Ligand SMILES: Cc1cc2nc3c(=O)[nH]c(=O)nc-3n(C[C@H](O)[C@H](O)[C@H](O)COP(=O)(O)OP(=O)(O)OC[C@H]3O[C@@H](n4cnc5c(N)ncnc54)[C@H](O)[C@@H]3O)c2cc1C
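Just the one chain here, laid out as structure tokens, in the form predicted on its own.
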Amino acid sequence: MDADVIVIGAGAAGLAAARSVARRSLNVIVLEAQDRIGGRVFSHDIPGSAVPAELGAEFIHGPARETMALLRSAGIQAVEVGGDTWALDESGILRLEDSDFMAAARSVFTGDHASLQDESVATFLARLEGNHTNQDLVHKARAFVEGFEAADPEIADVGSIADELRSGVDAGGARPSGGYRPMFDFLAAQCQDEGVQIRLSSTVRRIKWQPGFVTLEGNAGHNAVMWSARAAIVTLPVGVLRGTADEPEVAVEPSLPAVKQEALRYLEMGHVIKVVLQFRTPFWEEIHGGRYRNAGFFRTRPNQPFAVYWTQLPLRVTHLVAWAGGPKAVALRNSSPSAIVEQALEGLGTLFGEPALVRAEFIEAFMHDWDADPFTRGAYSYVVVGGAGARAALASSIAGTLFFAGEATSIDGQDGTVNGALVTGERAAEEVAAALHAPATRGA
């Protein structure tokens, strides 16, 4: 055999699992289909800027203990997100006093109106919307589900949204200084110090397993390769693990048990269009008498293609992020990259009432199509109606041989977050160690 354990995927879950397994004196190989580590964390350097364009995950959500511990070990600071929130309405751009859309969502989904029924977010909110006094809260709750969850309210499970909100996860109170890449580089270096082999551009196409033995078939570059191990940890995103209607991205033989296949039917990948717009200067800090100098977030009208734009405050840099999630992202995904950038610029010009200035200041844009990426097939997971136990079912191991990690397997409300992925990687490593009777972990 090539290793005791093979980890499929070098994202947060895969690297965390590999490090933990290797510290138990087991031989570990990580196979990563892309030519980089990070998975759905993708930091793109902007010339002349100390802050990269984060084309995937950007924020630290909630206490995120594992993430914070890793940052401390790496000597990296977490920078608290700062700035005011402004919103565009019929009378112009107004500063919001109550800018926390997550607080509004908590009051709707977990407060006195909380639903005890198995139903969609849209059905639940429609009942509340009949009361005129609830309309503002309902609007914010729907914007939260579409934006933060990147979910379609028509199919998203209201109970699962409520469970996540009760977990302590927030909308993103901090960012790693210098972006996520240094943290991932540090985690990968720790893996290699423990003897882990990280093999990039190594794509798994088929998983053949029997109790105590796994064979993986795929490609390393242009060469067909086969790897074998006593066990495998699968960290593939839901969209890849489920595959398309025509054929799976990764075939599993024998097939996954019915309970896992059912779980995959109740887990959907959220849709996100995120565009990082680079400008010559941070012109938004100077316009209109400097009133937006300390702006952190700008929310647009409901009819705009991008729901929100944000700065990197407290750091003052020359790029803004445009974000569309859920149905808004679906509406954009058949557009060309240039057309998407055009709509982001048009929306920003409408927001500030300065379309000519926005065009004059614009330099270039950066984005990544996570839906079209064959190694992700979407942004991050959410539960659809009827899927209350889907994450736990997906997380369960098979015959002490196949183990599963990744944000979609998070059962403590941290799904969709880097920290949730790290936690599941550690959990899968413990399960593997128990199955292979490995000694207690060493190191810290």
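Everything numeric here is computed off the predicted structure, so don't read it as measured data. So that there is no doubt, residue numbering starts at 1 and follows the sequence shown.
Although it is not shown, the form predicted together with this ligand is what the next lines describe.
- Stretch 269-277 is the contacting one of 269-277, 116-124, 348-356, 290-298, since its residues have non-hydrogen atoms within 4.5 Å of this ligand in the predicted bound form.
- For the options 109, 309, 284, 180, the one in contact with this ligand in the predicted bound form, meaning a heavy atom within 4.5 Å, is 180.
- 379 is the sole member of 28, 70, 390, 379 with a non-hydrogen atom lying within 4.5 angstroms of this ligand in the predicted bound form.
- Using a 4.5 angstroms limit between non-hydrogen atoms, residue 104 is distant from this ligand in the predicted bound form.
- Residue contact with this ligand in the predicted bound form: residue 370 places a heavy atom within 4.5 Å of it.
- Of the heavy atoms in residue 41, some are within 4.5 Å of this ligand in the predicted bound form.
- Contact check for residue 57: a non-hydrogen atom falls within 4.5 Å of this ligand in the predicted bound form.
- Taking this ligand as positioned in the predicted bound form, the residues of 190-224 that bring a heavy atom within 4.5 Å of it are, in sequence order, 202, 203, 204.
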